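We begin with a single chain expressed as structure tokens, specifically the form predicted alone.
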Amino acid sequence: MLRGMPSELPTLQAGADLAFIRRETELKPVPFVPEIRLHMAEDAIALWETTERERGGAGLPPPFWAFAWAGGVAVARYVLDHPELVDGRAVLDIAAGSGLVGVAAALRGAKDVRAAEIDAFAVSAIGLNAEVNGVRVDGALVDLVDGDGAPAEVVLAGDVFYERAMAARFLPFLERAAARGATVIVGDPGRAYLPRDRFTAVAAYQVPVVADLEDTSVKTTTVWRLG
């Protein structure tokens, strides 16, 4: 599903997506990151099925945008507690999902924040979530992984090593970003495909999660810096 897409959403479809998100989610504080509120759902499978009905067929990506995943929660917590990481800097939140990480960066003084996603629902959710938290995050419907994240000075990735194929694309992207001088931060709750020898751990948290998504209620989640 990763592919190049235009960054503009058709106006009518964007409006329908916003209405759908408001109807199918609840706005509430994020566990472990209560400074931030998100539009979140309770049941991933039910929402996925509803999303497919809304769009008229199967084959849509899972609604990653409707949940606060452990990796993103950990990165958001780290950013909120270490504002010097992003203050006055251009930030890219890659595979942004709900936009949680980008919102955290904006709250801590990033000069601009771009949140890249390949799911139109996610881009709409990012806009809603930024608005309710009183910040600006520029959601982009685009696949950036073949590049190097320029011109962002900080590249943040909440949870991108959960599949072999995805990890195989994201690691070179993150390494290219680091090679041009960007600070690269990744959150990971013990996924199998994170090459830990390439990263340095900077923090670890016990993150509460939705048990139906992770088969547990708490995940030990590490924040890593590339290099």
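The structure displayed is predicted, hence computed values, not measured ones. Residue indices: 1-based, along the sequence shown.
What follows is about the form predicted together with a small molecule, which we do not show.
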Worksheet item: Is A95 close enough to the small molecule in the model of the complex to count, meaning some heavy atom within 4.5 Å?
Response: yes
Worksheet item: Taking heavy atoms only, is A68 within 4.5 angstroms of the small molecule in the model of the complex?
Response: yes
Worksheet item: Any chance D143 has a heavy atom within 4.5 Å of the small molecule in the model of the complex?
Response: yes
Worksheet item: Is there a heavy atom of I118 lying 4.5 Å or less from a heavy atom of the small molecule in the model of the complex?
Response: yes
Worksheet item: Where, among 192 to 200, 41 to 49, 26 to 34, 163 to 171, do residues come within 4.5 Å of the small molecule in the model of the complex by heavy atom distance?
Response: 163 to 171
